[in-house]
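Shown next as structure tokens: one chain only, the form predicted on its own.
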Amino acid sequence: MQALAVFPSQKRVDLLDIAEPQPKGATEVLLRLREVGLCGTDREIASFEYGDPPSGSDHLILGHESLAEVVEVGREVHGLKPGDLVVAMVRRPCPHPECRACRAGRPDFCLTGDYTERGIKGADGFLTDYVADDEAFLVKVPHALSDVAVLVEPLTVVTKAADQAHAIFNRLPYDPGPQRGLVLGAGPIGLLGAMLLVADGFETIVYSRDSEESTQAKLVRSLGAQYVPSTANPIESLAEGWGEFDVVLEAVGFAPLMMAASQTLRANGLLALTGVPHEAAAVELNGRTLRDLVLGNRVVFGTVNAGRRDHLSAIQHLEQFMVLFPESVRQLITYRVPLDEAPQMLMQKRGIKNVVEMRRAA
């Protein structure tokens, strides 16, 4: 069978032939991949910005946004059976006994940084026909979501942020009442975040560099949210023109915008950062910004990856989205391509979400 891999030392991305995996453990599951989503992380790895092969290997098989079908289960697998659809969790626990987060089953909060991530760091990903994985890292998905379930993994980034946001708002000694949300960026994470805010009753604005006639802008408006193009509206003007926001969800990874976003927050508001800026990015953090954060009880936090609870929440929200705005959800997936076209798709992104459709069983 074939797999798409990056060879960091050779600065090469290529298809290669690998052996079909054979499950060995009693809790292992053999999976046939159906779809694998491509994202900015995959493109950065394919551009050799980061990405670590498994120990002893010269290559890393790409792909971490998976949708797979169960083919075979080990004798101690009790929650899955052949024919079930699953998504696989990406981050896996570090081996250190002192890491309380990983020992509690939440490697997304790992304290040591010595975790592995399928298709990203120290473990092969899912851009291949079959993989074997442990039941502990698989989450069952309803067949009714099969045409959009590849969106579950990116949606977990948003649902994890929302879960933390709810916990932070619970500190307030009053009912915040109707709330306003701002989403920075109209890529997959930003658009999924807008869907979640709208579904939760937020008056929602999406701020992005795309034009008002772009597909992204039209999709935003189809949700009942408002679209504001950044080309004609500096972020400093947002609070003046539209009012301050209770929640800002950042999904661009552009350091200056990430910091400027805190200036749009209402007192007691929060800014959730999901983008990962370049290490060399420089940004000025002035005294007024820090002063406003302190005096306004504002909260800024980062969030990455997700645990099982976030996956289950993402599935529930996706079911909700498919009731509220099903066609808008489907429009997030712009292109589906076969595996042999994936290298080209990595090099030249088109549309919103690109998905690799793996070979189906005969």
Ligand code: BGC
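Counting begins at 1, following the sequence as shown. Fair warning: this is a prediction, and the values are worked out from it, not measured in the lab.
The same protein has a further form, the form predicted together with this ligand, not shown here; the description that follows concerns it.
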Practice problem: Using a 4.5 Å heavy atom cut-off, state whether residue 153 contacts this ligand in the model of the complex. | Solution: yes
Quiz prompt | this ligand contact at residue 127 in the model of the complex, heavy atom, 4.5 Å | solution = no
Quiz item: Is there a heavy atom of residue 265 no more than 4.5 Å from a heavy atom of this ligand in the model of the complex?
Solution: no
Self-check item: is_contact(residue 41, this ligand) in the model of the complex, heavy atom dist at most 4.5 Å
Solution: yes
Exercise. Please name which of the stretches 117-125, 226-234, 172-180, 75-83 has residues with heavy atoms lying within 4.5 Å of this ligand in the model of the complex.
Key: 117-125
Quiz item: Only one of 90, 247, 186, 273 has a non-hydrogen atom within 4.5 angstroms of this ligand in the model of the complex; which is it?
Solution: 90
Quiz item: Given that this ligand is left out here, which of 304, 324, 337, 26 has a heavy atom within 4.5 Å of it in the model of the complex?
Solution: 304
Self-check item: Contact set, 44-82 vs this ligand in the model of the complex - heavy atom within 4.5 angstroms
Solution: 50, 64
